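Okay, so here's just one chain, in structure tokens, the form predicted on its own.
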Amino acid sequence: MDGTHLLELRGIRKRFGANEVLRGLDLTVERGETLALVGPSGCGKTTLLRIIAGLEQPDSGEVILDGRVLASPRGSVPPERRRVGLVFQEYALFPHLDVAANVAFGIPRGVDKRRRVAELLDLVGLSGAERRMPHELSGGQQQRVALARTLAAEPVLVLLDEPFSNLDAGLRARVREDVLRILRTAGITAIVVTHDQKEALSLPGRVAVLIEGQIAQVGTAEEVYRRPATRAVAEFVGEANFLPVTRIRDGIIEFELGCFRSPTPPGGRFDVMLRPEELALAADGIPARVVGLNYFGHDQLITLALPSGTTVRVRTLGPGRPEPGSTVGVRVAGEPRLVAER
């Protein structure tokens, strides 16, 4: 095992009845990183976290943490001996205990609990809130108490399952920044599960895209967004336009909006992908008919029908809203690339 890897998952499979949720999944998490695990609902994200935490057992495969095998065909280490912390979507605070007692619940025996509670509450920015009850806290404060209680057990890995989904949009970004700061300060390796693509791309570490029970791609946010491994990844991580290749000649890929040079991958079928912001309206562009418009204030998403009937979406900034049914010119303003169909 590579010394930089804290967690390694090898060939993880899990079936519930006839439904195979995880299909030979492989993944490594580097020591000290915050990995975003993103994927559509039902793709197996929570099941994978529960397997890492020891709350579910894989049908096959291995879970290795810090060089120690936690699960394999030969047996499994119980959850309380794994040094893995799990922060739930619902926070799961004890409603009858105050903040200090909630945090103290996770502190191991032999540790000065009063001192450790004070350290943890200072870390999460809640010093002075020791005697407050969970119902007296905001959603963001409850999230920080839940994180403090998890860190009290001194885990080497923290798993956060949709940790911000219960917060309103205005609070999510601030709480997310707070939680990431706390994890960095504590030097904790973490996996953050989310179905929100924008949230996953905003996290500082790598992004792992889980689709149909397998890791489809792992990379930086820019790599996953700009160079998706498959069409399924491209469709899930942001909006994308796909246009058929009309001809390949001497390394030149031709398609309806132009041409570009690209090595042709062996085998398989490919489309040309462009993100909406990589297209632009231009008087000298290919004529297209406006068939839809979504205005968001800071930008707008315009749906166009090309001469072939293929529709594409263009993201534009600033004023100027073309009328549905009008004709505009569209041109490539970014970098087209080939993407495998699956």
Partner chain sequence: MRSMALAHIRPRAAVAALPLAIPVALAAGGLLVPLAYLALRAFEADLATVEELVLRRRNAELLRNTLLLAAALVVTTTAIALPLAMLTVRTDLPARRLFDVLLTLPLAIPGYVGAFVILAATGPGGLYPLPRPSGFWGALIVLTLITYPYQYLSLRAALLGVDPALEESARSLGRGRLAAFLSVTLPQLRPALLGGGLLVALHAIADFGTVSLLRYETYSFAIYLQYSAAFDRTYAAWLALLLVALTALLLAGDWLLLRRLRLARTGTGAPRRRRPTRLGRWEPVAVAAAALPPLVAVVLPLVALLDLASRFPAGHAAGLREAFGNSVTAAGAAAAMSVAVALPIAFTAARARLPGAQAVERLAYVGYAVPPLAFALAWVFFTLRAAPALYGSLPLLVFALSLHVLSEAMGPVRAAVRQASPRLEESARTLGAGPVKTFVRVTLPIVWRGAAAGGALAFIGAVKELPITLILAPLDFSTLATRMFSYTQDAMFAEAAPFALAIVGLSACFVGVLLWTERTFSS
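Quick caveat, the model's predicted, so the values are computed rather than measured. Rigid core (definition): largest C-alpha set, two forms, superposition within 1.5 Å. Residue numbers count along the first chain shown, from 1.
Omitted from view is the form predicted together with its partner chain, to which the following refers.
- Although the partner is absent here, T310 lies well away from its partner chain in the predicted bound form, with no heavy atom inside 4.5 Å.
- At the 4.5 Å threshold, heavy atoms of L86 reach its partner chain in the predicted bound form.
- At a distance threshold of 4.5 angstroms between non-hydrogen atoms, P108 is in contact with its partner chain in the predicted bound form.
- Looking at E154, you'd find a heavy atom of it within 4.5 angstroms of its partner chain in the predicted bound form.
- Checking 219 to 227, 119 to 127, 250 to 258, 87 to 95 against its partner chain in the predicted bound form, the stretch whose residues place heavy atoms within 4.5 Å of it is 87 to 95.
- The contact residue chosen from G268, G75, P263, G170 relative to its partner chain in the predicted bound form is G75, the criterion being a non-hydrogen atom within 4.5 angstroms.
- Proximity to its partner chain in the predicted bound form, taken as a non-hydrogen atom within 4.5 angstroms, holds for one residue of Q197, N241, Q141, T150, which is T150.
- Heavy atoms closer than or equal to 4.5 Å to its partner chain in the predicted bound form belong, across 15 to 32, to no residue whatsoever.
- Once you line up the core between this form and the one not shown, the Cα of D98 ends up 2 Å or more from where it was.
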